Ligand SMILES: Nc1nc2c(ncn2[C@@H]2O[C@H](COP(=O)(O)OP(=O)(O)O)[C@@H](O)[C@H]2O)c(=O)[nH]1
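Here's a solo chain for you in structure tokens, the form predicted alone.
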Amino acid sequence: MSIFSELAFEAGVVARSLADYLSGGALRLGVTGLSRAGKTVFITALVDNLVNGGRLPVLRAAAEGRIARVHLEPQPDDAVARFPYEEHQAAMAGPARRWPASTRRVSQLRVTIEFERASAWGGARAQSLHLDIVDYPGEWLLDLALIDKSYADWSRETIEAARARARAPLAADWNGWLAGLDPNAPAEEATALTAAELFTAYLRQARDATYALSTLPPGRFLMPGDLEGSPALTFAPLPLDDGAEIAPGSLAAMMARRYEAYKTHVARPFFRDHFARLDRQIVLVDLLAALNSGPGALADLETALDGVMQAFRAGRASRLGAIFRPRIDRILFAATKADHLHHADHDRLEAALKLMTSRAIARAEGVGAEIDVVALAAVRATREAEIRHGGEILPAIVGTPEAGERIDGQAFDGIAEAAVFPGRLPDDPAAALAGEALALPEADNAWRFLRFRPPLTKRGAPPPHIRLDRALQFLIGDRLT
């Protein structure tokens, strides 16, 4: 990137930041998730509970009766898609009771909260908070780490990951093709297309729920949108010798140029137009899926969290950025689907994520934000009970498995309920992250987490949740005092 392009990019970031400041008042909350962690469900449940008066006892303004009214307003950014809250709410609450489809682009929703201040000090008690919720794919967050990374460094890291034990079977075709490739061969479009197709096929397989792998940048390879087929998405990592210069006109030179084009046309605009404008951020993590998939998925998830931390540092080297950019001052990491475990294991799930994020924080420098961790379920799809197994009373969860889910050879029809013992996480979070299996009765040791349908709810009532109010208190509670 030339010095002039860099200056233009920085000027664009500063201009957007100043415009946000002068427009006044709104709190911009970024919501993203890694590997199907449920961000669409989270946003829908958050808005539903705020607008329709859900039980939020840990959100102090709600508990103290100071929230007078919450309503939706037109979003401020006309060029950004509106988050389809009503459609998603109807999907979960309607007769079909289905989880909403994931969004694959940036979307936004403005929620206005009218409340009374906790104290009369500081002027009038009646106040309004505009909460702008910005929904974006987790893959795009991980792309931000590419901004300050060279093509050679990205190639080395990506190829090393593809050869690791967890990914090598998924990347067999890709790794085999690389073995016979000369990066210094003349650039040919057919070779670039083959490279991009094989690389994308490997990323797509790694994203599959069976493997639950998390670190899959570049994110647009899996959701190309209007860039599909463009040179900016027709590249792949190549095995380069350490310190060797890339020969002009070579395949490696073509790939490096297109990698830089990806950063210019995809990663940097997302940073400038969306990410750099956020005030608060929640990152949803499906830690249960990684725990269930084993050590490889856990190691991959921790690498993803490292990438998340690097994303929060992206672009902060600029003096102008340090002065004018609105810095994200609170980041919440949330282990989702806590309703798939008995409440006695919620603290263990939270402790495991806290250990994983603390290690990622220790490897990053200069994140500069208050960070917290919570285990939650934005929509609680199960309730708790007890079951007898071999003379032992076990804590169980009860819910309606989705059609096609199986346990002990039994296939569910999406109508019948099931009571299952979900296992117990190890007391030591380090043991959980080392890949120790859930403690299950011997007969159930091949059981995998079931997918449950949304719960039945009373008409107009928000669905039950687990610790959604705690997340809200951390993310916006200080702005409602």
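Computed from a prediction, not measured in an experiment: that's the story for all the values here. Don't overthink the numbering: it's just position in the shown sequence, from 1.
Omitted from view is the form predicted together with the named molecule, to which the following refers.
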Could you tell me which one of Ala381, Ala289, Val111, Leu144 places a heavy atom within 4.5 Å of the named molecule in the predicted complex? Ala381
Contacting member of Ala62, Val420, Ala37, Leu29, with respect to the named molecule in the predicted complex [4.5 Å, heavy atom]: Ala37
Among 244-252, 332-340, 224-232, 178-186, the stretch whose residues bring a heavy atom within 4.5 Å of the named molecule in the predicted complex is 332-340
Given that the named molecule is not shown alongside this chain, does Ala377 nevertheless sit within 4.5 Å of it in the predicted complex, heavy atom to heavy atom? yes
Looking in the predicted complex, any heavy atom of Val41 within 4.5 Å of the named molecule? yes
Non-hydrogen atom contact Trp154 with the named molecule in the predicted complex at 4.5 angstroms: no
